[in-house]
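Next up is one chain by itself, shown in structure tokens, the form predicted on its own.
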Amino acid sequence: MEVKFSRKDDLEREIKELGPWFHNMRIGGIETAPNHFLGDYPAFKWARFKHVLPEDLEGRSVLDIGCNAGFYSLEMKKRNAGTVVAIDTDPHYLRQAEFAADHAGVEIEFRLMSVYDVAKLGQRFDLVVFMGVLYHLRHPMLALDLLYEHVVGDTMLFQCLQRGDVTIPELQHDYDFSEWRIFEQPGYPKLFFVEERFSNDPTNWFIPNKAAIEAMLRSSGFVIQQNPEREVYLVRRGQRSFAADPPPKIA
């Protein structure tokens, strides 16, 4: 007996073949990761901070770094973004993102690229989306420096996993070499180094506390404008407060 599939059956099969999905997308009414361990991710998180971006991006250029299946790229297109470039180091995620964009009928430029290679893009973007990437990097400060130097033209939407104390301490500009006790304060800026795995993920390398991530952003030249959700920041490109050595040029 011949079994006939509906268009929905075909779509469900294609979505399954492209799995596993980390972003729970809705494609043709079908959820790609309905049993995600975080819930309806990243939609539930986006709902908490989406108000910090204009409802109409008025054709602004957007760079989505670590785009995964393209949830944020698609949301920027919904807000009338102009050119959207989305990069990721995982071809599996890029295949998912291209599939989702095709079904949404939007034009997004996808590239297999590392954050360390952003200078090769050769342009600055009005908005850079840098969500959930920093703690996966072995060289987080280099990445922030490269973003500042090469691609952030105005604004960056940023998120990073945090652990540890949420206190923002009042710190002096400098301390004597003999100082020890300040480092024992729970809120002192800290990066927790993961030698093996965290959450069964070998790419979780550095997990900052709140004070550390804010200090890292400032040190890289970014000005924090809003912190609408614990891990999320809207920042703008400002002036560096010290004469930092420029990041190395990538050939």
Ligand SMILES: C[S@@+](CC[C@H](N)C(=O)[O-])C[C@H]1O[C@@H](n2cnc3c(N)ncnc32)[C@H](O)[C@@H]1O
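As the structure is a prediction and not an experimental result, all values here were calculated from the model. The first residue of the shown sequence is 1; numbering continues from there.
Beyond the structure shown, there is the form predicted together with this ligand, which is absent from this document and is the topic of what follows.
**Q** Can we say E75, R124 and L157 each have a non-hydrogen atom within 4.5 Å of this ligand in the predicted bound form?
**A** No, none of the three is in contact.
**Q** So, in the predicted bound form, is F192 in contact with this ligand at a 4.5 angstroms heavy atom limit?
**A** Output for F192 is no: heavy atoms all beyond 4.5 Å of this ligand.
**Q** Look up in the predicted bound form whether V133 has a non-hydrogen atom within 4.5 angstroms of this ligand, and give yes or no.
**A** Because a heavy atom of V133 falls inside 4.5 Å of this ligand in the predicted bound form, the answer is yes.
**Q** Hey, in the predicted bound form, is F99 touching this ligand, heavy atoms inside 4.5 Å?
**A** It does not: once this ligand is placed as it appears in the predicted bound form, F99 has no heavy atom within 4.5 Å of it.
**Q** Hey, in the predicted bound form, does Y233 get a heavy atom within 4.5 angstroms of this ligand?
**A** Judged by the heavy-atom cut-off of 4.5 Å, Y233 is well away from this ligand in the predicted bound form.
**Q** Of D90, D165, E109, E149, which residue is found within 4.5 angstroms of this ligand in the predicted bound form when only non-hydrogen atoms are counted?
**A** Filtering the options by heavy-atom distance leaves D90.
**Q** Name the residue from L142, M113, A119, L171 that puts a heavy atom within 4.5 Å of this ligand in the predicted bound form.
**A** Selected option: M113.
**Q** Among 178-186, 50-58, 215-223, 37-45, mark the stretch whose residues have heavy atoms within 4.5 Å of this ligand in the predicted bound form.
**A** Every other range fails; the passing one is 37-45.
**Q** In sequence order, which positions of 7-35 have a non-hydrogen atom within 4.5 Å of this ligand in the predicted bound form?
**A** Residues within 4.5 Å: F22, H23.
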